[in-house]
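Next comes just one chain, in structure tokens: the form predicted alone.
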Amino acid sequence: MLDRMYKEYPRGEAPPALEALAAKIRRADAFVFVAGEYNWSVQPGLKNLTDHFLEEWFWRPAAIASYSAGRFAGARAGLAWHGILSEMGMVVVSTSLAVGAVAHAFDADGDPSGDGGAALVRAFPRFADDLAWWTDAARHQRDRSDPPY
């Protein structure tokens, strides 16, 4: 667990792992958050990690792929992440991907299987296309104009 935000370190004094992760976040054009549901909410470790960066996330699209062992497919976590990521300055795409009964949605090789896998295969193209559109739009805007703050 992290206890100090990246921006709280003087420039060049953050631990090497935080410095490297900050650079990776800044270089990325978009993100897919693969979020399991934990007690009807977000995973604490992923939340802790995202909270330790701020400006690095700004003006980048995010898509949420949620999952759970139950039938709600991580929808409660996905909904919570939508608000969290928006507050962090990200553009959260409207298309989400949700996988319920995750233990049965994939075979031993990790390929989609059963009804859950078939639903995932049907939903994925729109999910990917939505994120790709926003990624392209945000990249062009960042190239055209500096962020407002």
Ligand SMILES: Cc1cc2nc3c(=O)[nH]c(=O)nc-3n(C[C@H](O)[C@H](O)[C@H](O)COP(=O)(O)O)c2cc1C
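Residue numbers here begin at 1 and follow the sequence given. Predicted model only: the values in this text are computed from it and were never measured.
From this point on, the text means the form predicted together with the named molecule, which you will not see here.
*Asks:* Do residue 48 and the named molecule share at least one heavy atom pair within 4.5 Å in the model of the complex?
*Replies:* Output for residue 48 is no: heavy atoms all beyond 4.5 Å of the named molecule.
*Asks:* At 4.5 Å between heavy atoms, is residue 39 in contact with the named molecule in the model of the complex?
*Replies:* Although the named molecule is absent here, residue 39 would touch it in the model of the complex, with heavy atoms inside 4.5 Å.
*Asks:* Is residue 67 part of the interface with the named molecule in the model of the complex - any heavy atom within 4.5 Å?
*Replies:* It does: once the named molecule is placed as it appears in the model of the complex, residue 67 has a heavy atom within 4.5 Å of it.
*Asks:* Is residue 102 close to the named molecule in the model of the complex, meaning a heavy atom pair under 4.5 Å apart or at it?
*Replies:* It does: once the named molecule is placed as it appears in the model of the complex, residue 102 has a heavy atom within 4.5 Å of it.
*Asks:* Heavy atoms within 4.5 Å of the named molecule in the model of the complex: which stretch in 58 to 66, 40 to 48, 24 to 32, 78 to 86 meets that?
*Replies:* Looking at the other structure, the answer is 40 to 48.
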